[in-house]
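In the form predicted alone, a lone chain appears below as structure tokens.
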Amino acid sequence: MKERVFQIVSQVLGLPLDQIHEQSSPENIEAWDSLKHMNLILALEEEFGVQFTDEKIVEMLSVKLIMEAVEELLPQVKNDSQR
């Protein structure tokens, strides 16, 4: 999952994969503006088949926080698909 998140961040922000790390955020990546953030959220939702709440989207301001948010929703997706 970590590699998939890193790849999506790299693709959406247009940065080489080796420049992405868990502490990457809008504060240390100039290209990470509000529009790119929404593109990132949409790409993550499509890749993982999840949907983030508005509150969660606002909180997802680093790669580490993004990975935590995805992990929180992945068990829910698994449980929903078993019903």
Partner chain sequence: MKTLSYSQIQEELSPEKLAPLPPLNITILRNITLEPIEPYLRYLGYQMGFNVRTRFGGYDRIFQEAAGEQKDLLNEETDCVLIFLKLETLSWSLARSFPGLSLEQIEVEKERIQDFFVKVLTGIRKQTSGMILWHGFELPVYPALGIIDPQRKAGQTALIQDLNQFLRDTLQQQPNAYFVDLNTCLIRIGARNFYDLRYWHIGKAPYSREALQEIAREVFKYLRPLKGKSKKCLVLDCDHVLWGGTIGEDGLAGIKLGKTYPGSAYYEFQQEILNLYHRGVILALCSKNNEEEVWEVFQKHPEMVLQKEHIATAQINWRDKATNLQQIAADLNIGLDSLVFMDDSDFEIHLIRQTLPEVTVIPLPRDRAIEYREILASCGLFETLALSEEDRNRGMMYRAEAARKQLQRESINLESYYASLEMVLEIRFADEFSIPRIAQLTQKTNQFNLTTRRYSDADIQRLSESDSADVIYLRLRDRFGDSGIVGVCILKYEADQAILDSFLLSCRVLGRGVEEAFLIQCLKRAKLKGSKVAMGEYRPTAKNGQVKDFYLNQAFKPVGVADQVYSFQMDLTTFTRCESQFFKHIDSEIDK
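Note that the structure is a prediction, hence the values are computed from the model and not measured. Positions refer to the first chain, counted from 1.
Not on display, but discussed next: the form predicted in complex with its partner chain.
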item	value
Every residue of Leu42, Glu45 and Asp54 near its partner chain in the predicted bound form, heavy atom within 4.5 Å	yes
In the predicted bound form, Gln11 touching its partner chain (heavy atom, 4.5 Å)	yes
Its partner chain contact in the predicted bound form: Val58, any heavy atom under 4.5 Å	yes
4.5 angstroms heavy atom contact with its partner chain in the predicted bound form for Leu35	yes
